[in-house]
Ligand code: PFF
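Here you get one chain, nothing else, as structure tokens; it is the form predicted on its own.
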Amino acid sequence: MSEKRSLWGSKVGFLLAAIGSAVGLGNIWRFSYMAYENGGGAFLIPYLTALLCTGLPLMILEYALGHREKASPPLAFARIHHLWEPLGWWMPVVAFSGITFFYTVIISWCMNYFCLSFNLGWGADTQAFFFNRFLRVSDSPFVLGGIRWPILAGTVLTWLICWSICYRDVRHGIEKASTIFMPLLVVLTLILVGWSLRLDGALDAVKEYYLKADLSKISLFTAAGRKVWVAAFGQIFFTLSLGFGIMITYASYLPKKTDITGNALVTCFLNCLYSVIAGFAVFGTIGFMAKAKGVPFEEAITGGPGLAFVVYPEAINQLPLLNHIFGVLFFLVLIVAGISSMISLIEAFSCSVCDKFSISRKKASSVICGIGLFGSILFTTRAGLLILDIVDHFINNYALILGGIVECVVVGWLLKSQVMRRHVNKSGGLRLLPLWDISVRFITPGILFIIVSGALLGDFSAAYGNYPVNALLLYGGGVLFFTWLTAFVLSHFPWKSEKLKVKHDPDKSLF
């Protein structure tokens, strides 16, 4: 028996959920390191350009598609044409099996480090502790080396928390959780920023390495400068949760009259603002650590998980007072940011399953979270970090980007961007100008094509991460093949005929 489609209880609830999906661990450790590598304050120029040229147009597209069809991604694309249903499945399948399987494990790392913060249990050598004692990383991605039980315990807890939220209807589950998590995340982050900037050496590091603009790094006349622009566009695409099917799903719960363009603007702006604000905490803390140890800032900073689990604990060790509280605060921020993103990744797939098979969200969420927990076990092994790195590379550089390109082609050219723009303008709020059509049909897919081409050239010129080629094919190529095969199989189950029929208002006005 199919359930009546839920609606958000308020606009604020929807925005908090959408922003919670977009704001994740990458906002904290990926953006800051990219800014450092790519000209400091100058990086904001290509970053904001990417937001306007790619992020915002694609966010509007996904909001509009979900709102117009009142459906999950598979059903929305099936209504455009049945041949495009596999694309609608691929997006949430990638989000679920390609991302959540390892994302829960990273949240588990944060939970373990949250507990370690109370007695600074990582010791003096934080790098050796993280890689050799906590993860006990294998020498090869083929040597699993057994399960790390503390990591598995945190992974189980993460899946239980996410299940308890997604089990309920949207208004009482995800919306209610978001109204708690997001204000909490903002308050904790602001406390962390304020505390960090008061540390000795923090302001100097912020001024020199974060705010100071090195415009030579973003010159379009050099190969290195062009790479920075490509990196900025890639970061915008990843940070806004585009290509997962999440925003299509969330928009399907919006009421008939809603400000699609305005909601997209708010989501994009606040997500990027959070990244910029969090950067002050990162640069301030690392600046303090560099000064305390008497080493150059360049030697202190690193990107990715190493920033959170090696550099930050080392900085916490250097604090003269209240080390434990600072550590608890930092890892609590990561946990909240991670879970707010996780529930959206689960919801995209859960909603798709409910639409296709007409089962309750309670049953769908329970089965999906059970499968997810089983799939996460691989990443709790000693080879987990290596496999995670490979899978993350292939998902981010190929699966999501290719999905975004095809999404633009289907909506921009087959459905016709004018049809979608009509719907947006008819729904109320800020009006969408014809410039959006140009962006969706030409600019956005063109830029995404450049990004994926660059990734292909890079992987063909040298094996990613110096991993064995057979490991890249097994884990990286394997996850791409598995997600596409799953999407293809799911798309061949029949829909109930009434679900494919939807009545759209015949309004022809474009302006």
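Residues carry their position along the shown sequence, with the first being 1. What you see is a predicted model, and the numbers here were worked out from it, not measured in a lab.
A second form of this protein, the form predicted in complex with 4-fluoro-L-phenylalanine (PFF), is not displayed here; the remarks below concern that form.
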*Sort through 419-427, 234-242, 295-303, 436-444 and report the only stretch with a non-hydrogen atom within 4.5 Å of 4-fluoro-L-phenylalanine (PFF) in the model of the complex.*
234-242
*Has each of Thr54, Ile60 and Ile401 got a heavy atom lying within 4.5 angstroms of 4-fluoro-L-phenylalanine (PFF) in the model of the complex?*
no
_Under a 4.5 angstroms heavy atom criterion, identify the one residue in Phe330, Phe280, Phe288, Tyr103 near 4-fluoro-L-phenylalanine (PFF) in the model of the complex._
Tyr103
*If you check Ser108, Ser252, Ser341, Ser178 against 4-fluoro-L-phenylalanine (PFF) in the model of the complex, which one has a heavy atom within 4.5 Å?*
Ser341
*asked:* Test of understanding: in the model of the complex, would Gly477 fall inside 4.5 Å of 4-fluoro-L-phenylalanine (PFF) by heavy atoms?
replied: no
*Is there any non-hydrogen atom of Ala487 lying within 4.5 Å of 4-fluoro-L-phenylalanine (PFF) in the model of the complex?*
no
*asked:* I'd like to check something about Ile260: if you look in the model of the complex, is any of its heavy atoms closer than or equal to 4.5 Å to a heavy atom of 4-fluoro-L-phenylalanine (PFF)?
replied: no
_Contact of Leu25 with 4-fluoro-L-phenylalanine (PFF) in the model of the complex (heavy atom, 4.5 Å)_ = yes
